[in-house]
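Presented as structure tokens, the chain that follows is alone, the form predicted alone.
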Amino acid sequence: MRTMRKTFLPFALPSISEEAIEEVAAVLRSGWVTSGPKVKQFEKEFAEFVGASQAIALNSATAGLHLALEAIGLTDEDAVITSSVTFTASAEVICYFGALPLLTDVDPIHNIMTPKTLLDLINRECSWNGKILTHNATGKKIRALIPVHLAGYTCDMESLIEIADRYNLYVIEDAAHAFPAIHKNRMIGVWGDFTVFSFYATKGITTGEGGMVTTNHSELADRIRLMRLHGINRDSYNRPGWYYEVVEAGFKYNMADIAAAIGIVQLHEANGFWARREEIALRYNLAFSDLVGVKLPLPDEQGRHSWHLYRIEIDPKIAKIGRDSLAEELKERNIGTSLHFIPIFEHPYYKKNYNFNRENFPNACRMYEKALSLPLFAGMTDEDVNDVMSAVKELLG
């Protein structure tokens, strides 16, 4: 029997409770809708949740990555290493400074940066003089490492930090997919020099648009706070009188209280959202376990997978149909899918401006031919889940 839904099921939707709606209404009634007391509360509660000493709320995770690089003083004489399998923001923020993005390949199982893929890049393209790691072809100084936790599976942070320390690199975690993930009994949010979270509509918790940077470096946190709002040395909230000074040419990256009000409620609901996503993911794994030519995502053996995405890989040489055909057939059945991600080196901008050699990224290339994200979000009903399982089994079984 062909599974056919009456309504379209997206691969992700936010879960907004009545409590969150009421909190937003209260902010609107208060008259203080931009950065104010709710942002302060959200920052405090988020820092406590992950165990960080500092949390800075922003209008996007992209802004967080940008300001973390700005805080370490990145320039056009520098380079930064990140993963080849990520959203463009992880690489584009490096380009903002005229710095050079360097890409690692990923492992074939979880499609993340590993100590091996990082060292492969360093050994192939870089030189170490005992103090500075330099990119051979350009002479640029490598300043930082941006590992990306993909789909909710966490990178091996202990090993990556050990390598970063060896080469005097800052570690800026892209944790857009990793809330509320745990790595080796510690929350993601306390490992690197900075951790950057996303609260976009499809993420583990949402503020509509928004992000958060956590860090234990108080001086660098102060720099981010300064630069998120035009380089003004005093917040408008609780500012004593009208006087302020612009001490740097900053940016307009502040979060509004309207967004923070949603975030506070979502934070209180985060573990419940995670539990539902895990339940769905484990049901998928059980239902799809006998499909031929289909690689399923694994739980995180080093901690807690956030289950932000449910990514499968379809081997076109073995499976009944290939990835693209599966996506089209599911769309015909009113079931949405997505791809996470087109490798950075495949995009026209990066092809035009950087000399990436595809032969250096065999695992990323293979992933790109096979990966597909199926619907996974806390608001899915059991009927939604059953529809996805039935359709996928019909098409691949």
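Residue numbers run from 1 along the displayed sequence. What you are looking at is a predicted structure, and each value in this text was computed from that prediction instead of being measured.
The same protein also exists as the form predicted in complex with a small molecule; that form is not shown, yet it is the one meant from here on.
With the distance limit set at 4.5 angstroms and only heavy atoms considered, check whether T154, W274 and S306 all reach the small molecule in the model of the complex. Verified in the model of the complex; spot residues all out of contact, no.
Which one of these stretches, 118-126, 320-328, 293-301, 175-183, sits within 4.5 Å of the small molecule in the model of the complex when only heavy atoms are counted? Result of the contact check: 175-183.
Which residue, V80, A260, I188, V148, is the contact with the small molecule in the model of the complex, using a 4.5 Å heavy atom cutoff? For this set of options, the contacting one is V148.
The single option of F251, F97, Y200, Y167 touching the small molecule in the model of the complex, heavy atom within 4.5 Å: Spelling it out, the residue with a heavy atom inside the cut-off is Y200.
Whether Q54 contacts the small molecule in the model of the complex should be assessed with a 4.5 Å heavy atom distance threshold; does it? Contact with the small molecule, no.
Does the small molecule get within 4.5 angstroms of any non-hydrogen atom of L160 in the model of the complex? Output for L160 is no: heavy atoms all beyond 4.5 Å of the small molecule.
Contact flag, F288 vs the small molecule in the model of the complex, heavy atom cut 4.5 Å: It does not: once the small molecule is placed as it appears in the model of the complex, F288 has no heavy atom within 4.5 Å of it.
Tell me, yes or no, whether V106 is in contact with the small molecule in the model of the complex, where a contact means a heavy atom of each within 4.5 Å. V106 lies outside the contact set for the small molecule.
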